[in-house]
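Listed next as structure tokens is one chain, alone, in the form predicted alone.
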């Protein structure tokens, strides 16, 4: 089945915001990029690495995530953790998501 380009565009926009909330929520426990991809995929979030890694850098630049390299293992990994500001933003976004979900269902 071929997806209508207009629908595909709107679905992409909808997913972008949900990946931000999901990433900030998951990374309350420190994690690295690939493990986050796996966690999101297992939860049903369709996101590709070439989308996620720039998002992680942007969230870090905004002060919503911190990062640190873990070189204890054979392969160094950059671990991300949600900051207190990131937790506050995630909570506000989840609250707004809930409000919008209720509003849409009420329509």
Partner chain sequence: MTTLIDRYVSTALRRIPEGQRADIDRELRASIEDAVEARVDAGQERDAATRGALIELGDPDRLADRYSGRRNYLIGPEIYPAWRRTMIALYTVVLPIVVAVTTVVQLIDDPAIGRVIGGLVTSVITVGAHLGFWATATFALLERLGLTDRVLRRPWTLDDLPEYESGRLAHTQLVPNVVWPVLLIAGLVLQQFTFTDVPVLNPANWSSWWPYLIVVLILEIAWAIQVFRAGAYTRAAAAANAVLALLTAVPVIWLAAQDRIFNPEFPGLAPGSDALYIATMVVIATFAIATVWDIVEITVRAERTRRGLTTQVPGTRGVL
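Numbering follows the first chain given and starts at 1. Keep in mind the model is a prediction, meaning the values are calculated, not measured.
The following text describes the form predicted in complex with its partner chain, which does not appear among the structures shown.
Chemist: Whether residue 58 contacts its partner chain in the predicted bound form should be assessed with a 4.5 Å heavy atom distance threshold; does it?
Modeler: Flag for residue 58 set to yes.
Chemist: Although the partner isn't part of this model, could you tell me whether residue 66 comes within 4.5 Å of its partner chain in the predicted bound form, counting any heavy atom of the residue?
Modeler: Because no heavy atom of residue 66 falls inside 4.5 Å of its partner chain in the predicted bound form, the answer is no.
Chemist: With the cut-off set at 4.5 Å between non-hydrogen atoms, does residue 28 touch its partner chain in the predicted bound form?
Modeler: Taking the distances in the predicted bound form, the answer for residue 28 is no, it never comes within 4.5 Å of its partner chain.
Chemist: Just checking whether residue 44 would be counted as a contact of its partner chain in the predicted bound form - the rule being heavy atoms within 4.5 angstroms.
Modeler: No.
Chemist: Though the partner is not shown here, which residues of 53-80 have a heavy atom within 4.5 Å of its partner chain in the predicted bound form?
Modeler: Heavy-atom contacts to its partner chain in the predicted bound form: 53, 54, 57, 58, 69, 71, 75, 76, 77, 78, 80.
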